[in-house]
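Taking the form predicted on its own, here's one chain by itself in structure tokens.
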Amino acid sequence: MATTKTPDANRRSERSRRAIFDAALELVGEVGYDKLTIEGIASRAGVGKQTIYRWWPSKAAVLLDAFTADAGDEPGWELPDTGDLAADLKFVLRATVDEFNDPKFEAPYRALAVAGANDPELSEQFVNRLQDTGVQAYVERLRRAQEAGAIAEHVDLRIAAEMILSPFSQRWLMRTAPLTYDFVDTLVDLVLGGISRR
């Protein structure tokens, strides 16, 4: 007598969740955040909108989870340490230029940054999941350089990291000028010129 296998609810839920994430990321790139809707995400994912509302309170929450879905699986990342601080910072920032200029990354990240400006709770989650980890990686690389004697002892390393990253973010978010390798190279040289041990 054949036995009927009970469907795996967890697997079905995970499949639906992944479809919702994919749909949210695709749609925000196609229509922008303002025109992104729960209904649109549900239709693209092939699920009922009640399924989305059961798991998330808003489209911003869906998008944040979609954008950070794999971040929790990765250990905290570190900047390279070749012994040449300027070269290491430029290497990572050039890779970040490529990432931020990629439409698949830019659309959801920009949407979350803008939405967070009007939603303190979303902004806090956005910072906790994405920005703090990145800033801390720079702080740790600067700390190693400080311990090696390359950076002055009195320098506040958190502020130094923000001096590197904030102009980058400002230029990208406000679109005041293109993000280029020349820009980040100059940025690194200027900041290190101010904080290096004389």
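The structure displayed is predicted, hence computed values, not measured ones. Start at 1 and count along the sequence shown; that's the residue number. Rigid core (definition): largest C-alpha set, two forms, superposition within 1.5 Å.
Heads up, the form predicted together with another copy of the chain isn't pictured, but that's what we're talking about next.
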| item | value |
| --- | --- |
| In the predicted bound form, the one of 150, 130, 139, 61 near another copy of the chain [non-hydrogen atom within 4.5 angstroms] | 150 |
| Partner-contacting position among 51, 43, 169, 68 - heavy atom within 4.5 Å of another copy of the chain in the predicted bound form | 169 |
| Triplet 162, 175 and 194 all within 4.5 Å of another copy of the chain in the predicted bound form via a heavy atom | yes |
| In the predicted bound form, residue 125 touching another copy of the chain (heavy atom, 4.5 Å) | no |
| Another copy of the chain contact at residue 155 in the predicted bound form, heavy atom, 4.5 Å | yes |
| 4.5 Å heavy atom contact, residue 187 to another copy of the chain in the predicted bound form | yes |
| Proximity of residue 118 to another copy of the chain in the predicted bound form, heavy atoms at 4.5 Å | yes |
| Per-residue C-alpha change between this form and the one not shown, residue 126, threshold 2 Å, rigid core fit | yes |
| Post core alignment: residue 34 C-alpha displaced by 2 Å or more between this form and the one not shown | yes |
| Closer or farther: C-alpha pair residue 128/residue 170 in the predicted bound form, relative to this form, given a change of 3 Å or more | closer |
| Sense of CA distance change between residue 132 and residue 33 in the predicted bound form, threshold 3 Å | closer |
